[in-house]
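Included below are C-alpha cells for two forms of one protein chain, each presented in isolation as structure 1 and structure 2.
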Structure 1
C-alpha cells in the first residue's frame, strides 16, 4: 500500500535520518507519486552528505524536469555529464531536456548514445518526438534482436501486425477472448443512470454527432474509471456500453498482461491498445487497474515502472491516436491508484459504482427475472427487503431460487414457477457481499481522502455532505 509504504519509510528515517539508501528509496517513491517537492528536498539532503552522488544529482534534475523547470534541469544535466559522460540515464535526461528546448539534433545524438549504453532505457515518447522532428528514432545498429522494453511507435506496429494476424505462438491475444460484439445494452443494466449518462457524453454522443463535437474542439474517447464494491455492475455496464453503440468490446484483466512473459508486459499492453484502435469504435475494458498502479512502488522491478509509463503513454495517445476508443477501467481498490492516472486525457472521470438503491434494485430484479419462470413477483417488496445487496447478490438470489424450484420441478415433472416467497427465503440467508468492502473503503475515505476523491463513498454511507 503506497501511503503506508511511504509512512513506514518516513518512520524508519526518523530513527536513522542519514541512511542514504533509505533516503534514496524514499525520494524515488515521492517522485513516482508526483510528490515532487518532497522528493527534491530529500535528494538535496543526500547531496549535502555526498555531493557527488550521481543518483541524487540525477534525481534533482529529474524533479526539475518534471516540474517543468527545463532550463534549471538543463544546467544540472550538463554538469552531471561533464563528470559522467558515460551515464546512460544522464544522457537520456539530456535528450529529454534538449527536446523541450527544441534542440532535436543534440537530443537525437544523446538519445542514441544513451540507449547504446543501456538498451533498457528506450523511451517511446522521446522516439516519437525525434521521429516527428524528422530524425530516425532507431538506427539499425542499435536495434536489438528481441525487443523487450521497446516502446518505439514505428516498429512496435510491425510487431503487433504479426501478432494481430495471429502468427505468433503464445501471443497475449490468444489468451484473451479477443473481440466480442456484446448483444446486451443499457436496458440490461439496472440503475447506474449517472454512469450510463457519463458514458453517453463521453463516447456515444460524440460518435453520433462527430461534427458538433469537433466544432467544440472535442474528441470522442478517453477514459472512465469505475470503482466500487464487487458485483455492482462495473463489468456489466462496460460490456453493455459496447452493445449500446455496436462497438467492439475488448476486455482484459491486468493480471493477464502482467503474468504472461517476464519483460513482455509492455508489448502485451501495446497489443491490446492496438487491437482496440484497429477495431474502433471500441470499448477497451481493463479490469484490476490497481494491479498496475500498486506495482508502481515495487522498485525492485523496474520493468513495472516502464509498464506504467507505457500505459500512460498509450492512454495519452502519444503512441497512436485513441480516437473512437473508450477506455473503461475498473477496480475495487482505487486507493492504490496513482494520481498520474487521473490527469486530463487519462481517467479524467472517476465514478463510484455503489450497491444499488431500492429503485436500482427494483430495476435489477426486473432485468434478472426476464425469461425466468416467475409468478407475479412482488418486485417492490423484494427490492425493499434486499437492502445492501449488490447486483451479483441479487443474481445469486435468483440462481438459488431457480435451482430449488428446478429440483422440485424435476420431482413433480412440471414447471414450478419461482415465487416472491422463494426469493425472500433465500434473501434471509444471504449476507450482502459488499460489507467487507465498505469497511475498508470507509477508512480510506475518512483518513486518506485524496482531495475529496472518495466523497461519494462518504455521502453514500451518510457520513458527510
Structure 2
C-alpha cells in the first residue's frame, strides 16, 4: 500500500516539484519504507528552499541516526538545539544519541526536558535504557490543587475528577493510577455535536435502553477513532464521555504498553483491557494510537506484528467480553493505521475532529479572559479574527498579551490592562498550529484517499475532488 502511495506522490511531485508539504510527506514515507538514502535527499532538498525548516532538519538527523551515523547525527542535533532549545523532538533524539554514545547523564537530562515539553513523546525503550543505567524514571506528574482550565478546541470546562483506588498486584496495573470518575459531561462541551451523537449510539443509549438494543442484537461498547490536528479536544471529549455515563475513565499512554522485552507489551495491553472490563461501564482512551496500530505491511519486526494481532484480538472480544467498554482512540495520523482496525466491530466509527468554529472560540476566549486584567474586551471580534486557532493557540495568544502587558506594568509600577488591540496584535504574530497539520493532511486526502475516508478534511478545507 505504501509503495502505491510513494508512486502516487512521485507523480504528483512531477507536476508540483517545489511543493514542500508534499516533499515532507514523501520523505517521511521513504523513511518508513526504510529508503533512508532517498528520504535524506528529499529532506535536504527541502532545506535548500527553507534552510531553517525545523521538521526537515530533524528529518535529516533522524535518518542519520537510523543509518548508524551517530556522530554526524549528534552534530546535527546540537546545531538544532542551539537554535531551538525548546524543541521536544530534538531533545528526544538527542537523548537517543547520547545513549548510543554512552553519555547516560546527558541523555537523562534531555529526555526529562523533552517529556516536560511534550508528554506524548514518552519512549519506553529510552526509559528502559536509562533505568538500566541506574538513572531515575520520569517523575510522577503533580496534580493541580485548583481546577484545571481545559482550552482544547470545541469546548471549555473547569474539570474536577475523582481518582479511583483499588487493589494493586505489583504488575503493570500498579503503575496505572489515573482511573477517574470525571465530573464533566457533554454539557461542558461546546460544539462537536456529531462526535457526541456517535458516542451516544455506541455506549450511552445502549446503557439507558438495554432492552431495546438487545431486541436489535446490539450491545454497548465498541470502538471510535478520533482524528484531527493536535489540541482539538480529542482527549477531553473522551473524558466528558465517561462523565456523561458516570463511568470509569482509563487514559493510557504508549509508555504504559510498550516494553523492550518480547511478550511484555502484549501482556501489558491485555492487563489494560482487563482493567477496563473489570470497571465496566468504562471508557478506555488510548492516545497516539497510530503507534500501536501501525500498518502491518510496513513492519519489519515480528514483535510489532504480534502486538497488533493482540490488540485486534482484545478489540474483537475473542479473549473476554468487551460489553460496556467503549474504546476511544486518538491520532493525528490516521493514514498510518492498519486497515484491519477499521473493520466493523473494531474502530468502525472514524470521526474527524476539526479546529473550533467561531462560537467555540468565543467560549474559550470568555474563560481565558477570567481572572486577568482585561479592559473593553470585544470577544466576538476576537473570535472572528482567530480563524483556524485551536484552544492551545488561543491560550498562547493570551499568554503573549499578558507577558507584554506585564512588562509594561513592571516598568510603570501599575497594572496595565489587556485590551482587544493587544490581543489582535499578538494574533497577527501567531501562526495557528493546525496549519502545518492541514498542509500534510490535505496531501493524504488528495492522493491517498481511495476509500474516501479523508473526505471530511477536504470538505472542511472547501476542496472538491
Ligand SMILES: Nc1ncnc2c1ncn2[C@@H]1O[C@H](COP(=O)(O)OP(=O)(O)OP(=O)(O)O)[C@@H](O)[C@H]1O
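Positions refer to the first chain, counted from 1. What we label the rigid core is the largest C-alpha set whose atoms superpose within 1.5 Å from one form to the other. Here the structure is a predicted model, which is why all the values come from computation and not from measurement.
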| item | value |
| --- | --- |
| Structure corresponding to the form predicted in complex with the named molecule | 1 |
| Did residue 89 shift 2 Å or more between structures 1 and 2, C-alpha, core superposed | yes |
| Displaced residue check between structures 1 and 2: residue 102, CA, 2 Å or over, core reference | yes |
| Did residue 284 shift 2 Å or more between structures 1 and 2, C-alpha, core superposed | no |
| Between structures 1 and 2, C-alpha offset at residue 40 (rigid core aligned, Å) | 32.1 |
| Per-residue C-alpha deviation between structures 1 and 2 [residue 379; rigid core superposition; Å] | 4.0 |
